[in-house]
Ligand SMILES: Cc1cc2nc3c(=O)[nH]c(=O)nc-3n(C[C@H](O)[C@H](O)[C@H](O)COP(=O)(O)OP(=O)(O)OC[C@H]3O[C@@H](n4cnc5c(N)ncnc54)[C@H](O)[C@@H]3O)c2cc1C
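Just the one chain here, the form predicted alone, laid out as structure tokens.
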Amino acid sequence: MKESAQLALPLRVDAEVRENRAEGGSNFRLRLAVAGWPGAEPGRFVMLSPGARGAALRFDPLLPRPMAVYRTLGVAAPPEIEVLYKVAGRGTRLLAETHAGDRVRVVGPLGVPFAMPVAGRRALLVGGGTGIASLYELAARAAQRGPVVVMLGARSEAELMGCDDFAALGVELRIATEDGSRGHRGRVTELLEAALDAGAGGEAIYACGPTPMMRRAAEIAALRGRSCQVSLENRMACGFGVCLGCAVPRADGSIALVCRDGPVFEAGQVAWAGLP
């Protein structure tokens, strides 16, 4: 992975909401104009204020929310980024109530990004739930280096994110839903096993989603001798490694902070049994 010194330094700015669109189920797409945005390597994230910034400061809820940078849009001035998110609590509910012209505090880009696959090697991207939002930029850039298969999973079709965006990249797209409402009926990791069975070997695996899904992807990769990177989705309060709220155990017995040492890790580095 890239050394932190080579990564764009984080901003702390109030970004203008350009669009905040409901996309079915509990899914929303937020487009923000972020003055001075330096770009973000695939897998990095931002901390967003829970709702719009007002003339009067609000401290309930107090803490920002970590969100993957889904993609940077074109060459607009100021630059624009998109964030895909689900309404899951009061903070994201307030975020869903913002409108064009409102301002949202953005801190980022933060974290360690994905390492790109070796040129010519097939990349297998496995996304579940909100983890799908971490994979678009990775898919776009990996497709410039070699073949890419994107596998997206959710409980139902209504909960899927970004399918049309991935399809527009021209990558191979496979979908699984647990209720069978779209694509393969079952878990997205079953698509991963099938892709590996049909592959020529040497694939690079990337996974982001619920912990059980990533744990299973890590197991599949290890059993088949494939490299696997995972992007953990732990709760965070600061995003800088100060609060220690996103600590996770490493396989070597040490402790890592997802916001500072991740969110991207080699799957074999994670002590999966110690994760909730």
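Residue indices: 1-based, along the sequence shown. Model, not experiment: these values are computed from the prediction.
The discussion below concerns the form predicted in complex with the ligand, not included here.
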item: Heavy atom within 4.5 Å of the ligand in the predicted bound form - residue from P79, G91, G162, P113; value: G91
item: Contact residue in the predicted bound form, chosen from T72, T177, T98, T130 - any heavy atom within 4.5 Å of the ligand; value: T130
item: Contact label in the predicted bound form: R215 to the ligand, heavy atom within 4.5 Å; value: no
item: A68: touches the ligand in the predicted bound form, heavy atom cutoff 4.5 angstroms; value: yes
item: In the predicted bound form, R121 touching the ligand (heavy atom, 4.5 Å); value: no
item: Contact label in the predicted bound form: L191 to the ligand, heavy atom within 4.5 Å; value: no
item: Among 79-87, 177-185, 101-109, 149-157, the region lying within 4.5 Å of the ligand in the predicted bound form by heavy atom distance; value: 79-87
item: Sequence-ordered residues of 214-241 touching the ligand in the predicted bound form, heavy atom within 4.5 Å; value: L232, E233, N234, R235, M236
